[in-house]
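Take a look at this single chain in C-alpha cells; it is the form predicted alone.
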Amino acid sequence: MLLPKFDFHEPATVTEACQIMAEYGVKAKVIAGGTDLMVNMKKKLVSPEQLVSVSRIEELKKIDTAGNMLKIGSCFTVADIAASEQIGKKWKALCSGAKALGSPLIRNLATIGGNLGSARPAADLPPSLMVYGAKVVLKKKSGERVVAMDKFFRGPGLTEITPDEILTEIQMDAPPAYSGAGYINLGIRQAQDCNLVNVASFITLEGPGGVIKTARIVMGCVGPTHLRAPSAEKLLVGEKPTEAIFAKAGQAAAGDCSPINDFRGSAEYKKAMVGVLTKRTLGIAYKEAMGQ
C-alpha cells in the first residue's frame, strides 16, 4: 500500500517542534519510530497532512537517574529500555515490559513515547509504568503540564494529548525500600503478536517479614484502557504476603476487569488469565521486595 501524501518536518529542538504543532494542530502528527503510525497511514486509518519527526531531537533520547527520580525522554527506544542497567536496578518490571514488546527489529525502532501515545489497550509498557506511579510531561508552545498515567489514557487510541502538544518525558519516583514489581504478558505467540492479557503488580512491605503497605495492580487487554484493580489492591493492604493472599487478589482482580469476546479468546478465559497473571506478578514483586 502507498502512503498518503504529506509534508515532512524535522525540527532540531522541542521548541521548534512545538511551534510546528501549534501552527498545524489537528492536521499534524508527531512521528518517532513510526512502528504504529506508518502502518496506520498505509491502511488509510489516519492521513495527516503534516508529519513532524522528533527522532533527531537529542534531548528526547536521554535518561536521567539523578536524585530520587527516573526521567526518560520520549524518543528513548524500547530496546534501550530493555538493556538499561540504570533502569533495571530500581524499575525492573519496566525492563520486563520492554523485553516483551514485539520483536528485536520493532524494539530497535519503537519509542516509549510512541508506545504510550498510540494508547493501545494491549500495549506492553503502560502497565509497569502505571504501577510505578509514572507521570508524563506534555509540552506545547505556551508551556507544559504533567499528567499522571492513571489519567492519561481516555480510550482505545485516545489520550490526554491535545493536537498542539508533544509528549516529551516520562517521570517516575524511585520505589521505596522493600518494594518490588513484576510484569507478565500472555499472547498466542512469543513475539509480533497482540497481547491476550498483560498484568503488572507492585507492592511495598512495611519491612522484612512485614505486611503489605502499598499495592498497585494494572491490567491490560481487558477494558478500553489499562485498568487498575482496586478490589485486589484493597484486599492486599495490611496483609502478610503469602501465596494464598496473592491467589485471592488474583480472583479479585478478575472481578475488576471487563474483557470482551474476540477471536483471540473468550471474556471468561481472559478473566481467568488475569487471576493467574496477577498471582504470578505479585510473587515476582514479593521476591524483589525481599531482595531475592
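Residues carry their position along the shown sequence, with the first being 1. As the structure is a prediction and not an experimental result, all values here were calculated from the model.
Although it is not shown, the form predicted in complex with a small molecule is what the next lines describe.
At a distance of at most 4.5 angstroms from the small molecule in the model of the complex, all three residues Val78, Leu109 and Asp124 contribute at least one non-hydrogen atom. Of the candidates Ile166, Ala93, Ile212, Cys221, Ile166 is the one whose heavy atoms come within 4.5 Å of the small molecule in the model of the complex; the others do not. The contact residue chosen from Ile31, Leu227, Leu235, Leu70 relative to the small molecule in the model of the complex is Ile31, the criterion being a non-hydrogen atom within 4.5 angstroms. Partner contacts here mean any heavy atom within 4.5 Å of the small molecule in the model of the complex, and among 173-181, 93-101, 204-212, 140-148 they occur only in 93-101. The small molecule in the model of the complex is approached by Leu37, whose closest heavy atom lies within 4.5 angstroms of it. Looking at Gly187, you'd find every heavy atom of it more than 4.5 angstroms from the small molecule in the model of the complex.
When contacts are judged by a 4.5 Å heavy atom cut-off, Ile161 counts as touching the small molecule in the model of the complex.
Contact check for Arg216: no non-hydrogen atom falls within 4.5 Å of the small molecule in the model of the complex.
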